[in-house]
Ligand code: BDR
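Here we start with a single chain on its own, the form predicted alone, put down as structure tokens.
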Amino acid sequence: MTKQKILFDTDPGVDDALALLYLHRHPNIDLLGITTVFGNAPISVTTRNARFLAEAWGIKAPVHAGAAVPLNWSGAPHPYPVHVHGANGLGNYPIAQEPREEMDTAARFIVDSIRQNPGQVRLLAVGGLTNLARALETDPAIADLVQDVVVMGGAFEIPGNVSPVAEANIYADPHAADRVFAASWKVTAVPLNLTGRTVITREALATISADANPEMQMVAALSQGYIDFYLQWGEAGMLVHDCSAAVFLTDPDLFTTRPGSVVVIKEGPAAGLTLQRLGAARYSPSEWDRRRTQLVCVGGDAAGILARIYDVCATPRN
């Protein structure tokens, strides 16, 4: 079977680490590269974290630093969620390397990778969508050369997790998110509607990591503060946001999708709100009609998704 060529755009991030491990260990994935974006921590930290994980796990894919601030930036990004991902972005897991400033090469790398593999590359974005929007600005033709885009983000007709209406990745850069959903490439969103149901309890994490490979044991160790965060909000354990989106790449049959064009509210108290056109009703011509129909995962087999993650990420080494 031909391996899927994946570009991983990420802001590690505890749940990003599990997603990266899934991509690394899945036998049907060829990880072409890792691009980083601000979000769960400043860009210097998310890039350091991506490099740390790649080196620790023997991942050969290159790491390219990306956007440090949102599009249309006019001040500081939103506060970094240290109460969720720890001061170092990886649950305060000990990391010897210090963050450093790096050249912003992510958008160019995305463009070049797609150009070199026309029709073959799938983009998985689990942070803010600034790098993807900037890649489109650099070379709009990539929208017709990429295979598809899978985004962990959005909250459709349900409350958000950083505002009453917004999910964190979309809220990080709503202008970029709207451009990504409006482009002519095929986008599938894996939003809170689905990831709010993929929950790993502390007990389950301990069980699956006890005899697992060292990489999964590291993920379990750096996830403990992340679990504490969710427990204080009444969840049974940590919500598996990013890795659920990774599973969509390999097991789309576990997800229930709904078609319709998507608009993101860019300004004001509803910034980051994701809206999808529903039904077949006809209206006067508008922006909605000029947008491609995209897919939103509104449900799925949560138990099956978790089982797939356990199977791929927690398999002991021979």
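Here the structure is a predicted model, which means the values were calculated and not measured. So that there is no doubt, residue numbering starts at 1 and follows the sequence shown.
As for the form predicted in complex with beta-D-ribofuranose (BDR), it is not shown, yet the points below apply to it.
- Exactly one listed residue, out of Ala189, Ala106, Val219, Val126, brings a non-hydrogen atom to within 4.5 Å of beta-D-ribofuranose (BDR) in the predicted bound form: Val126.
- The contact residue chosen from Met152, Ala135, Val180, Leu90 relative to beta-D-ribofuranose (BDR) in the predicted bound form is Met152, the criterion being a non-hydrogen atom within 4.5 angstroms.
- Residue contact with beta-D-ribofuranose (BDR) in the predicted bound form: Thr47 places no heavy atom within 4.5 Å of it.
- Among residues of the shown chain, Asn40 is one whose heavy atoms approach beta-D-ribofuranose (BDR) to within 4.5 Å in the predicted bound form.
- Under a 4.5 angstroms non-hydrogen atom cutoff, beta-D-ribofuranose (BDR) in the predicted bound form lacks Gln224 among its neighbouring residues.
- Residue contact check for Asn117: none of its heavy atoms lie within 4.5 Å of beta-D-ribofuranose (BDR) in the predicted bound form.
- None of 209 to 217, 168 to 176, 96 to 104, 137 to 145 except one has non-hydrogen atoms within 4.5 angstroms of beta-D-ribofuranose (BDR) in the predicted bound form; the exception is 168 to 176.
- Contact annotation for 197 to 222: no residue has a non-hydrogen atom within 4.5 angstroms of beta-D-ribofuranose (BDR) in the predicted bound form.
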